[in-house]
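The chain that follows stands alone, in the form predicted on its own, written as structure tokens.
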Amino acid sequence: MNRATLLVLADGRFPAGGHAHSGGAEAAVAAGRIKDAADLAEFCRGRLHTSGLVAAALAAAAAVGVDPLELDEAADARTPSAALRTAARKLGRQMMRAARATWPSAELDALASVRPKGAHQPVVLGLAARSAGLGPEDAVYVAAYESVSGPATAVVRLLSLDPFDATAVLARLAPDLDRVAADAAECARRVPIEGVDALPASSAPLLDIGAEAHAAWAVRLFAS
């Protein structure tokens, strides 16, 4: 494993646009579901085991070399909220720009030409990992960690939560991250044999409902 490359891809400062999105945290704060670090921990745990698991498996499958267009369609089918599909594609477009500048490859170019408005972010992330010489075991961890680090960072801004407390939440989620990464990697290994139906389809209805409400707000701090 190229550990230095993995650090670059996983770095929150990698210019993939994630800083502009809260992962549903802004809507959850407004609804009163996140008020403190304990609430944040529960929110992140739920997100990790649902949409985080799906994202990690999609990323791992892309890193294995599964057809990214087929994976993009699978991501659409697993994202019932139109607002979340739009956000995922915007993030995918930004990730594509960053990845092509950092690790140019014919596979990235091909996907960008077919999906000029963006493919789903986890699919692009997995393809970026593949282009960078990383494997599915790397892609699952980056995707799983992003599913919780984004909301944690957003809540620091939304609630003026102590960043030490937010970081502690992420640290205590490490065992959950390991389990989700292992489950996602196992699903991805089955995709070349069983097809995309082997991918998880865990749902988080409150995230979907919150995303639709959030998209209609006239004023908001985050794009999603």
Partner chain sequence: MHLDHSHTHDGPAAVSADAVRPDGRRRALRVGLGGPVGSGKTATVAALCRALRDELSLAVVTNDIYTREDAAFLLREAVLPPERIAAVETGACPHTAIRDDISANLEAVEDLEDEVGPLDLVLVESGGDNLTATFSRGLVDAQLFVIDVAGGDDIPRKGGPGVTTADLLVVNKTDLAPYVGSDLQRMARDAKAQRAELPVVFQSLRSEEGVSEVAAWVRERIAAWTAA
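Residue numbers count along the first chain shown, from 1. All values reported here derive from a predicted model rather than from experimental measurement.
The form predicted together with its partner chain is left out here; the points below concern that form.
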**OP:** Select from the listed residues I209, A20, A201, A10 the one whose heavy atoms reach within 4.5 Å of its partner chain in the model of the complex.
**Re:** A20
Original post:
Based on heavy atom distances of at most 4.5 Å to its partner chain in the model of the complex, which listed stretch, 141 to 149, 124 to 132, 86 to 94, 73 to 81, is the contact stretch?
Top reply: 86 to 94
Original post:
Can R33 be called a contact residue for its partner chain in the model of the complex at 4.5 Å between heavy atoms?
Top reply: no
Original post:
Is E137 close to its partner chain in the model of the complex, meaning a heavy atom pair under 4.5 Å apart or at it?
Top reply: no
Subject >> Touches its partner chain in the model of the complex: R190 (any heavy atom, 4.5 Å) >> reply: no
Original post:
R179: heavy atom within 4.5 Å of its partner chain in the model of the complex?
Top reply: no
Original post:
Does anything in 77 to 112 come within 4.5 Å of its partner chain in the model of the complex by heavy atoms, and if so which residues, in order?
Top reply: K90, R93, Q94, R97, R100, A101, T102, P104, S105, D109, A112
